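Here we start with a single chain on its own, the form predicted alone, put down as structure tokens.
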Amino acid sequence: MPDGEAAPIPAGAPGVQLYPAPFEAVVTLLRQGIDALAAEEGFPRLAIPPVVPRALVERAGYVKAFPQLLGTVHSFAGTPAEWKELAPHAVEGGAWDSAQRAGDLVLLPAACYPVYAGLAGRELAQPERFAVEGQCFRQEATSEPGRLRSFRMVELVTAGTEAHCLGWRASWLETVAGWLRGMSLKVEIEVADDPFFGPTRRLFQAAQRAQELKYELKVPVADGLVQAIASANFHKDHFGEVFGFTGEGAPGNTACMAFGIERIVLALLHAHGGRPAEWPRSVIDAIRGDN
């Protein structure tokens, strides 16, 4: 474990940070711990790019549910002559971007979305499982500790029947809560009310709470500040309907266990101090899944 302070370093914009070696050493331990938890189940691994097709998030319903969070990719598509007129504005705070246009890519909002698109049109003879990690972006309105615009998300994802996904989600919720508590974190499990998708946000929030589609594992990440550092999610057959994959002849159901990597590290720093090299050996072993 590298010596020194692990506190993130501001990068000059709200919700974007730099991470020193001690912080990244804890990230490495967390990846090892998640791998240890998932070892028996056998998850094929997918590396997810930081951009995805715009059509994917439109089809999945993310644009309707979270237009304020989505980051789009813009670029200049004009002629050299047109750029010559804009070039004098290419200084800090200048209007050089006035002719930029949104393209066919958006910034990745959640690591699991490309998985569902990859199942399009398939009949799932047995449940599918994937382990994914992505560098995600969300245009958050606030920037308190842990409220990041650029962040890493690790997810364990499954697709199959409703019964499979509900049982799988329940098992992983219990497993991850135990893992986090083994690190001496004070975990509270709550039903969330933020929607995954859906055109009518307020109505869907109420429905989601009633159906318990999303559980959040909340932990203090700073003095007086509790945030969700992981979540266990059941999407019902939404993605099966949208992308046309089935399980046992019906639209496929999906579930995922999501880990907010930076937030977990912040919770550990808050609980055990800013120098990971000085943490108790029992905490390091618990993170790595050795207990």
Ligand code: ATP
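Predicted model only: the values in this text are computed from it and were never measured. Each residue number is its position in the shown sequence, starting from 1.
Note that the form predicted in complex with this ligand isn't included here; everything after this is about it.
With respect to this ligand in the predicted bound form, the three residues E174, M183 and L268 uniformly fall beyond 4.5 angstroms at the level of their nearest heavy atom. Shown without its partner, this chain lists L148, L156, V115, C165 as candidates; in the predicted bound form, only L148 has a non-hydrogen atom within 4.5 angstroms of this ligand.
Stretch-level contact analysis of 25-33, 255-263, 40-48, 236-244 against this ligand in the predicted bound form, using heavy atoms and a 4.5 Å limit, identifies 255-263. Residue contact check for A228: one or more of its heavy atoms lie within 4.5 Å of this ligand in the predicted bound form. For the chain shown alone, E128 is not a contact residue for this ligand in the predicted bound form, no non-hydrogen atom being within 4.5 angstroms.
At the 4.5 Å threshold, heavy atoms of E140 reach this ligand in the predicted bound form.
Put simply, E133 is far from this ligand in the predicted bound form: not one heavy atom of it is within 4.5 Å.
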